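A single chain comes next, written as structure tokens; it is the form predicted alone.
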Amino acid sequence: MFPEFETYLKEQESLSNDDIDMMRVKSIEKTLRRKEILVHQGEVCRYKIFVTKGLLRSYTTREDGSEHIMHFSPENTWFTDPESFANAAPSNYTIEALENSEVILWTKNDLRYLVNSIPGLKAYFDALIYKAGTTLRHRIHSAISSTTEEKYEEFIKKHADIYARVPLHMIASYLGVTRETLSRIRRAYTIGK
């Protein structure tokens, strides 16, 4: 698992071998089975997660059992519930493996140590946070101003890899529409191509 992360990290940031070794020592490697829960809604999210293989999702479950997917995280992406992780507060989300997955985990204390010890790592994480904030703002804007058809088309363009890996009802949940509505839109989209 760690060799994949090391390759990714060297492509993103110029860190020394000693810096990467320090990250390795503080890391926890974990293999998840498909449908395995890493964090249950109501538990504290104790880890910053890097996905080296597979696909994770975060979602909330309402009292009626319906799910609302907030985020998908495929290979080479960072993942966590930021509020729960930062504040040691109960998470509003469940984090689940949608496929057999391999992840690397860091605790808050270990990540803080690494950021304080490795020059450049703070700037790297600041850039990740900025990018995540920009993505979130774009998603909110799209949710309140785009038609369902536009949201669907944007999802296919931006997340073609995820689109091919998850069932339609999960895409509908992510977009905030019913499966029936998305099926109708998908048929119209396919015919129009």
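Numbers for residues come from their place in the sequence shown, where the first is 1. Keep in mind the model is a prediction, meaning the values are calculated, not measured.
Keep in mind that the form predicted in complex with another copy of the chain is missing from the display, and what follows is about it.
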G133 near another copy of the chain in the predicted complex, any heavy atom under 4.5 Å?
yes
Could you tell me if T107 has a non-hydrogen atom within 4.5 Å of another copy of the chain in the predicted complex?
no
Going by a heavy atom distance of 4.5 Å, is E150 a contact of another copy of the chain in the predicted complex?
yes
Quick one: is D126 in contact with another copy of the chain in the predicted complex, heavy atoms, 4.5 Å cut-off?
yes
From N87, S117, N100, N76: within 4.5 Å of another copy of the chain in the predicted complex by heavy atoms is N87
Can you pick the stretch from 47-55, 65-73, 157-165, 22-30 whose heavy atoms fall within 4.5 Å of another copy of the chain in the predicted complex?
65-73
Within 4.5 Å of another copy of the chain in the predicted complex: residues from 134-153 (heavy atom criterion)
T134, L136, R137, R139, I140, H141, A143, I144, S145, S146, E150
